[in-house]
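Here you get one chain, nothing else, as structure tokens; it is the form predicted alone.
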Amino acid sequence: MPIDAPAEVIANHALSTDYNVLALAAPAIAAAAAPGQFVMVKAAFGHDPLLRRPFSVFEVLRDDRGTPTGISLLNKRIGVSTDLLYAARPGQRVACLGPLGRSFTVVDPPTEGWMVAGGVGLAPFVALAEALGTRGVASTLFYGARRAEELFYLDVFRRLGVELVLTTEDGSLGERGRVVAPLERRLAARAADRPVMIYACGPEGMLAATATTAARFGRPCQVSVERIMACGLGGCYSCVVPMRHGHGGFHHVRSCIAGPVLPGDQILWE
């Protein structure tokens, strides 16, 4: 069952004028969270904003003994709720409900884990990279953004032993272009008997391109969809995703409970 509790802000680290990482004391949520799950957060206890907002669990925070003590969230300022989270100060309390949703499937060797992130879609991948590393899985992060200043936590992934393949739209760091291009080249060069699981999170166009590319090479792909959620518990139907069903049919699933992690080849992207 998800846990609903006020979580104290431990730290707030500004990454840029738009992005920050907010650390919250939430030991029960941290202990139960799996890579790809999310929490519903509200920074103010009044009526503005009225609703909570979904955030992937970015990191599971632990003490010196390895005991989970809290979680962190990767936040981008785009409205009232995210502005409040950007400005939150240590000691402040925020409403936090979670963990919610379905997580990624963490593979075992010899399968490799290839993570594909676009912009704020980086959010679920620190926790996933840690889980893959714990199992001895070789992992790669294909990470794209508009410019170099929007590529974050690179040293953290390097410390976790993750290979980085970086792209920027303006060519200021890594390859110039979209993040799916180097993924496609890697898949084309990879032998069919070397298994890989592809994980993706980011803008829907990037998810569709990643899932389509993975399917073309016969590789499994799990995507974490970014749908607007009003409740996070399946009650409002604001986050539905069309999925293939039967022979040529389709049905809608609620991404907050059937996802947010879904099989990429089963989503109707058009």
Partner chain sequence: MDLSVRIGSLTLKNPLVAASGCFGYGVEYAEVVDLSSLGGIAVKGLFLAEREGHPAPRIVETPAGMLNAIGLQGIGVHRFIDEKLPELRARKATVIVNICGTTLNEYVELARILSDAEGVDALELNISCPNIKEGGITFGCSLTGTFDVVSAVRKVTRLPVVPKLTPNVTDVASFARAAEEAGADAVALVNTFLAMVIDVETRRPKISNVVGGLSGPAIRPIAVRMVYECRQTVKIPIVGMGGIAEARDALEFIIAGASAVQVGTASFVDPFIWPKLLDGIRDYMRRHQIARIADLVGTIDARARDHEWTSS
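Numbering follows the first chain given and starts at 1. Keep in mind it's a predicted model, so treat the numbers as computed, not measured.
Although not depicted, the form predicted together with the partner chain is the subject of the following passage.
None of the heavy atoms of residue 219 is located within 4.5 Å of the partner chain in the predicted bound form. Of the heavy atoms in residue 62, none are within 4.5 Å of the partner chain in the predicted bound form. Among heavy atoms of residue 97, some come within 4.5 Å of the partner chain in the predicted bound form. The partner chain in the predicted bound form comes within 4.5 Å of a heavy atom belonging to residue 230. Checking 27-35, 66-74, 231-239, 209-217 against the partner chain in the predicted bound form, the stretch whose residues place heavy atoms within 4.5 Å of it is 231-239. Contacts between 1-29 and the partner chain, taken as any heavy atom within 4.5 Å in the predicted bound form, involve 1, 2, 4.
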